[in-house]
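The form predicted on its own is given below as one chain in structure tokens.
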């Protein structure tokens, strides 16, 4: 394997680095789980789009650069190294966008992708329900065709919808065949959250901010041209979306490389107390090694995809690895900080604490979202290893 970059890739990296150095905000944006922060991040999406950095792997006609996955990985490395804002529209650009390119009509692509890329339309995911979390085949929310055939009339409830409090649209799974069971009879429908009959109820996170929401549908009339893919065959569409979520796009290795580097610096700052327990130092070393291993594995997968290969059930191994890596790195940081780890960054004695507490709280959700790790292990056992149910 040749681990060296081409001159073209090095030139691309230099272009990315220069643009970010000029445009990344000097101060961190407020959390996008606040109304002010949500708007600030939306404006950042606009700036990225204007620089043609919104989603570089998209075709140029759709606001991208037609870049390959290796260029995307380079972009992500520079993006995280520059401390650029997190992407408030990640559900749209990383999950729904690629799915729409595969399953959407030409009219849908023209209608939705530009608004997604510019930050005009922010998307949330409406999959989980109170009795259908990681088991999406248990979805009960209904979408019935109106008598004139022009609308789907949706009734039901969704929960744990990230960013739904201020989002513009939701993409969700609904049961269009009332007599169907499990993964059959489900359809993938795009829903504008401004429609009559929709109620969005915020769900506070551990830090009190409304990062999630419940969405209630009461006879909501959604035009039939908001169906993505074929009616009753939404399961295959959703599995494509889940593949993007668990695979390469949602969590690039650069995110974890930067966390690992910050963890090493935190260890150096607290080395005297940290070395009282050799296990802490070993955890720091393991975190750095695991972040690099994940990076190399991702580059290997990207090279295979660039050459026309595909990613299948092994995306579940990705999801388990990065989610547990993120959790373990932040747990190590908590050990390094000791009792100070519980302080918010604005507390009087919080010098040097940084954002580790927020990161640790968020990392607890990693093994749950994008399909629980228990479900991913079942997928690996059955589809990759051929083990019986």
Partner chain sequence: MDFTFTEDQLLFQESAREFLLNEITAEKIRGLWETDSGRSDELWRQLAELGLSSITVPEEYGGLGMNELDFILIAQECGYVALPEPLVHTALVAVPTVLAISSLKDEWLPKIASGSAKVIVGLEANLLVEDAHLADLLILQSGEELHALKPEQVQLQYNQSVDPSRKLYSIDWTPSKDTLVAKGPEGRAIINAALNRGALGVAAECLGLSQRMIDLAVDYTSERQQFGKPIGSFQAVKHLMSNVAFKLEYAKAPVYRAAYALAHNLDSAAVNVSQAKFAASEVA
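Positions refer to the first chain, counted from 1. Small disclaimer: the values here were computed from a predicted structure and weren't measured.
There is another form of this protein, the form predicted in complex with its partner chain, and it is not shown here; the text below is about that form.
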If we define contact as a non-hydrogen atom of the residue within 4.5 angstroms of the partner, is residue 157 a contact of its partner chain in the predicted complex?
no
Residue-level question: is residue 299 within 4.5 Å of its partner chain in the predicted complex, judged on heavy atoms?
yes
Would residue 341 count as a contact of its partner chain in the predicted complex, using a 4.5 angstroms cut-off between non-hydrogen atoms?
no
In the predicted complex, does residue 381 have a heavy atom within 4.5 Å of its partner chain?
yes
Selected contact from 150, 201, 304, 268, since only one has a non-hydrogen atom within 4.5 angstroms of its partner chain in the predicted complex:
304
With the partner absent here, would 293, 317 and 374 each sit within 4.5 Å of its partner chain in the predicted complex, counting heavy atoms only?
yes
Given 284-292, 164-172, 230-238, 260-268, the stretch touching its partner chain in the predicted complex at heavy atoms within 4.5 Å is 284-292
Partner contacts in the predicted complex for 5-41 (non-hydrogen atom within 4.5 angstroms of its partner chain):
5, 6, 9
